[in-house]
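Given as structure tokens, the chain that follows is alone and in the form predicted on its own.
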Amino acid sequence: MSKKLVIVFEGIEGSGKSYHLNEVSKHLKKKNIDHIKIREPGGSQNSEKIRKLILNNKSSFNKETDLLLYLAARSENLLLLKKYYKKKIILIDRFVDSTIAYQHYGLGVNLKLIKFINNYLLKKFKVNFTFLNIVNKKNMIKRLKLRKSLNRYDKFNNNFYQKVQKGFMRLAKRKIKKYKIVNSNLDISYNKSLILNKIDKLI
């Protein structure tokens, strides 16, 4: 019987987090383990509508509006997340730490504001483990060039992404026992094996 954990995949653009989340989902399916996977922003029907608004290349929101839109999308997702909390394994592509890394460390939004709204929304919903995928500038640019289309958050300058990644690293070091840092500059099959082995131990 598997533990019904909440497992999050974090990282900047081109870090491979979404790929590895999907590989974990395939792995769990093979083992007939009940789980759901969800992305942020996005996931639920209403949250996906907000995602389109946030990531649209024609959007030009100020940083506080961006924050509130991301949190609005999370608010919609929580209806679904709380339904399955401790009933199924929940895999999330970006969550609270992304909000802090991007909106606070990247854009300079007040950290107390972010934490206050998050705590209000989440209440007793807790993340059990996080995989943080890190990537260097060269590989990030190379991977973004392979994408068919780029959204608004794929087009910031490199200095922004470096600030965000350093923010992620600061968060990881504060709760290192609940984090696994994955060097996505290494071979992808090696990292896949590393993550799946950790998943098997966790659940």
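Just count from 1 along the sequence shown to find any residue number. All of these numbers come straight from a predicted model, not from anything done at the bench.
Beyond the structure shown, there is the form predicted together with a small molecule, which is absent from this document and is the topic of what follows.
Novice: May I ask whether Y19, E23 and N133 each come within 4.5 Å of the small molecule in the model of the complex, counting any non-hydrogen atom?
Specialist: No.
Novice: Only one of S44, N151, S59, N139 comes within 4.5 Å of the small molecule in the model of the complex by heavy atoms, so just point that one out.
Specialist: Of the listed residues, the single hit is N151.
Novice: Indicate whether the small molecule has at least one heavy atom within 4.5 Å of a heavy atom of T99 in the model of the complex.
Specialist: Answer yes; at least one heavy atom of T99 falls within 4.5 Å of the small molecule in the model of the complex.
Novice: Could you confirm whether L55 comes within 4.5 Å of the small molecule in the model of the complex, counting heavy atoms only?
Specialist: Flag for L55 set to yes.
Novice: With a cut-off of 4.5 Å between heavy atoms, is K163 one of the residues that contacts the small molecule in the model of the complex?
Specialist: So K163 does not count as contacting the small molecule.
Novice: Give a yes/no on whether R51 approaches the small molecule to within 4.5 Å in the model of the complex, heavy atoms considered.
Specialist: The answer is yes: R51 has a heavy atom within 4.5 Å of the small molecule.
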